[in-house]
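Next up is one chain by itself, shown in structure tokens, the form predicted on its own.
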């Protein structure tokens, strides 16, 4: 069976499973388990299939095409190595989130159509990646957007939650369709220039610099609303906390990457790249990455915190893409190669560790009924496996060695390093320095943020007394998290085997396989793999030796923790999320728009009413976008008189529109 047919069938089968779920009885265990287990098995086997067949995908051409004739045109689907690369994290994450979702709802009411919306979302994303003409792409994009809207508004446990969830869903819906409207303009310009809706005809169009720049800007905004980089991130911190956690993992891990995929694909149509495009992408990446992680540090709800980290990691991807475009525009293939490689690999890596973190957060919320960090604490004793897996995701997202986030960020660092060393072009060197400095700051702040999360939620003692029933989550939920954790470790330790698969997609971005310096990349990844394995093995040996020496010479004694003079320390004396983050949030108080609530007693013997709470307020939403949206709303409200309820007026509107089209056709 050819690969494109295989995945077209996959999208249909997955959607069919969701349709069948409507007729199953959720009270019977076997029927309740059938949809998630079926999705898990089929997605995992499909992921193995694409990984094993990835080398067969030609780097610079569509290997297979599937045409489906419909009344108003033709739906065309195809597969190349760029599409295949995005399919891999999609399938793995679908498998992990589906098996996790089986037991996630517990005693909570599960919406009857949940698995239908879930499978339609997956099918829509698969078809977006496979689409090879404008009609198929828009059709698939709309399927993805509408199904994810229904998933966002799933949680309707009470009136307050319902109102908050519906607001988040509506903001997402409007934002998604604003981006879709711009896509129509982008595709209209490209199809008008080529005379065809097919992507294949959009290559080598020889567009003018103005037209290619116009397409780039429109595509950047259109796909940016889905990707969620600043300032188009407004729906992300609202939709992700509202959705069920496995849906949040799927949306944050891979759905927002459909915006990144679309941007990558559009860039293949409008080469050669212009230098200022790369500069703009780096600026967007720096702002999104730094402000995203800063806003995350200022959050106290664990899912909202993770949502802002999605903005941060999209910023990292944009940094890699930006320096790749800059290297290509200025004629530095090595800079471009490692920039594109880092961006593409971070697409996969972010899907894995962010999916793992959202699933871990969902497990905590499910067991404790809260996601507020200041109400948690000591969970590593109650939920040891979940806690360890969450720590794995935290280390990976912070970009530390032995895990996958380190590898993709290292590739972007290498691109910056080559830009500084090899570039005799001052603008290129400046962009390289800016990229490296921004990435370093983002990494340091991310490490601080997840130190806060782990310290307040998992370590220490319980801030509020949990019931005895709070314990580890069911095995199926752990299975989804373990799958993603294993991928994080595999990529982190096996870069020599993982990174070479990027050569095909990179050659699509650069337009030529001769652009690649594969030998250098293989040497770097081989050295890196050997060094990481050596450090890991040496560290384990040293740890075992020290443990045996300490155990032999000095018996371990269990004593009370030193408590700074307090005879009876309380859980409230621990660092809170606000107090831990205060040194950082104070330093960046202006961009974070920090608000504080504190009640301080300066007496020698203070009472127990001390209180401190800080909150980072997203001024981009409250100060810029909300007033703009209200202004637009007032403008269009002034035309309400057109909708007067009289059928005669509506017939007149139709006649005027037809007359306008006739005049346009014959006289313009």
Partner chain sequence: MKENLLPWISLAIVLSNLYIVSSSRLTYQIRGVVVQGLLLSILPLILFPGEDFIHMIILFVMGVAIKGIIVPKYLLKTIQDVRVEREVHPLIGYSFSLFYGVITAGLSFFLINRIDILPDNFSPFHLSAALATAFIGIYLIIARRNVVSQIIGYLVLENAGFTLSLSVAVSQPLFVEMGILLDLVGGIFIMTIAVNHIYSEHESLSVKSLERLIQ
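Residue numbers count along the first chain shown, from 1. Note that the rigid core is defined as the largest set of C-alphas that superpose within 1.5 Å between two forms. What you see is a predicted model, and the numbers here were worked out from it, not measured in a lab.
As for the form predicted in complex with the partner chain, it is not shown, yet the points below apply to it.
Undergrad: Report yes if any heavy atom of residue 622 sits within 4.5 Å of a heavy atom of the partner chain in the predicted complex; otherwise report no.
TA: Although the partner chain is absent here, residue 622 would stay clear of it in the predicted complex, with no heavy atoms inside 4.5 Å.
Undergrad: With the partner left out here, check for me: in the predicted complex, does some heavy atom of residue 28 sit within 4.5 Å of the partner chain?
TA: So residue 28 does not count as contacting the partner chain.
Undergrad: Within 4.5 Å, heavy atoms only: does residue 22 come near the partner chain in the predicted complex?
TA: So residue 22 does not count as contacting the partner chain.
Undergrad: Given that the partner chain is not shown alongside this chain, does residue 55 nevertheless sit within 4.5 Å of it in the predicted complex, heavy atom to heavy atom?
TA: Residue 55: no, not in contact with the partner chain in the predicted complex.
Undergrad: Give, in sequence order, every residue of 640-654 that has a heavy atom within 4.5 Å of the partner chain in the predicted complex, or say none if there are no such residues.
TA: Residues within 4.5 Å: 640, 643, 644, 645, 646, 647, 648, 650, 651, 652.
Undergrad: Align both forms on the core first, then report whether residue 650 has a C-alpha shift of 2 Å or more between this form and the one not shown.
TA: Shift of 2 Å or more: yes.
Undergrad: Fitting the rigid core first, would the Cα of residue 16 be found 2 Å or more away between this form and the one not shown?
TA: No, because once the rigid core is superposed, the C-alpha of residue 16 moves less than 2 Å between this form and the one not shown.
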